[in-house]
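The data below hold one chain only, encoded as C-alpha cells and taken in the form predicted alone.
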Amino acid sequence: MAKLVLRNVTKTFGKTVALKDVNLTVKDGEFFVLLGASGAGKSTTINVIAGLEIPDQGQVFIDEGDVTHAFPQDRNIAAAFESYALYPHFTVFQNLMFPLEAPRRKRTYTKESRVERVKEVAELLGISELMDRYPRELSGGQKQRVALGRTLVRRPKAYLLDEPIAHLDAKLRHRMRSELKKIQQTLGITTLYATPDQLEALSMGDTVAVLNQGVVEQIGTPDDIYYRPVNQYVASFVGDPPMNIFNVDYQGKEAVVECDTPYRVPILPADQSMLAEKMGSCQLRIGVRPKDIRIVPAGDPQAHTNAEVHLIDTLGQTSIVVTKIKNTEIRVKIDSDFLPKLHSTVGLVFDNERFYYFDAGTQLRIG
C-alpha cells in the first residue's frame, strides 16, 4: 500500500495547459476519485503518477519518496486505461498472466499461485469462458474487462484506473462499481480512479476531487462535493440533472429572479443574516436543485411562478420535467406518478430551505 502525493504539478502540451498547479493527496488504502468532464486533466494526472508523463513543474511522491523522474517500472503501481492495450497475439489467459510473468514476480509467486490468481480475477470479471480467445474475437466490453483484469491480478502499491469500465453495458457497469469497491476494501490497496460519471464518483469514492480544465476545483467527501460545493462550477457539474442557477435582485426578505417574466422568492431569516454578513456588494445568484422544486396546479397560492411544461424525460420511478418561462428553462425532478401534461401550464414551488447562494462575479458559494 502507498500514499500518493502531487505537489504543485503543472503539465502543458504546447500551448494547452493540461494541469495547473495541482495539489492532491491520496491516503494509504484510500479509494480516491478524480471527477471531471472530457479534457479536465484526469488522464494526464494518472499518466504523471504512473510515470508516463513528466510534469513541467512540481513533484510526485509515492510513500514519501520523490518519484517525479523515476521510470514507470520502478514505481510498483498498476494502471488500467480506457484504451484496452491488449496484446493481439496473446489469448485472454496469456494477457491476464503477462503482468505476473515479470522476473521479480516469478520469484514471488509459484506458477500454481499465478494461475490461480488469473482464474480468480477472470471469475470476478465474468470472463472465465473467454480464456482461450484472442482480442480480435472479443467485443469492446469484453476487451475492457480483460484490460481491467490484467491490472487486478497484481498486488501493487497502488491501482491507477482511468475510466476502466466506460465501455461496459449499464448492468455490468453497475455490478463492476460494487465489485471494484469491494476488491479495494478487501485488499486495502490505494486506488486512484478517474471518471466523468458523477454517479460513479459519489457512490465509490472515499474522497473526490473535481477537476476543471486542469484545475482542482474542490476536494472532499462525496457529501462535501454534493451538499457543500465551493463554487458554481461544482454545484452545476455534480447533480443529475444539473442545478438550476438564477440571476437575482436581492431585496432582503426576498429575491426577484431575473428572467423574461420576473418573479419573487422568499429568503429565510437565517439566510438573510448570513447574506448580510458575507455577501458584500456582489451580484447574487441563487441555485436550487431540480429535486427541490415542486409542481403544483397553475394559480396555486403556494406557487412562486407559473411555467409551461416543455419536455418530459421519464426515467422509471422518477422523471425530469423541463419547464419554460418564455426562454428560461427550469428543470424539476419529480415522481413519475405525478406527471403534468406536456405543454400545460403549472405552478412551481421552490424549497427556500435548500437554496445555494453564489457570487455572480467570482462564482464562489456564499455561506
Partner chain sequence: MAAENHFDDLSEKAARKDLGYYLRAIFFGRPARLVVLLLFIALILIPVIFVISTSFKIPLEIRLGGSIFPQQGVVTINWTNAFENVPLFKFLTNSTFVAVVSTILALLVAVPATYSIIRFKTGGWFLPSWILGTYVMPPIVVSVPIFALVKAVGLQDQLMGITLVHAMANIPIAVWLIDSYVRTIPRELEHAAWIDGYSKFDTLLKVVLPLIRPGVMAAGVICMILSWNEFLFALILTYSVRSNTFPIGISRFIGEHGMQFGEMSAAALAGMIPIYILVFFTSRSLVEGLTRGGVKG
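Given the structure is predicted, the values throughout are model-derived calculations rather than measurements. Numbering follows the first chain given and starts at 1.
Separately, the form predicted together with the partner chain exists; it is not shown, and the next lines address it.
Comparing 186-194, 125-133, 208-216, 79-87 against the partner chain in the predicted bound form, the single stretch with non-hydrogen atoms within 4.5 angstroms of it is 79-87. Although the partner is absent here, residue 266 sits far enough away that none of its heavy atoms falls within 4.5 Å of the partner chain in the predicted bound form.
The partner chain is not shown here, and in the predicted bound form it never comes within 4.5 Å of any heavy atom of residue 107. Contact annotation: residue 120 falls outside 4.5 Å of the partner chain in the predicted bound form, judged by heavy atom distances. A residue is said to contact a partner when one of its heavy atoms sits within 4.5 Å of a partner heavy atom; residue 252 fails this definition for the partner chain in the predicted bound form, lying far away. Contact with the partner chain in the predicted bound form holds for all three of 52, 73 and 154, each having a heavy atom within 4.5 Å. This chain lacks the partner; the member of 277, 240, 223, 101 within 4.5 angstroms of the partner chain in the predicted bound form by a non-hydrogen atom is 101.
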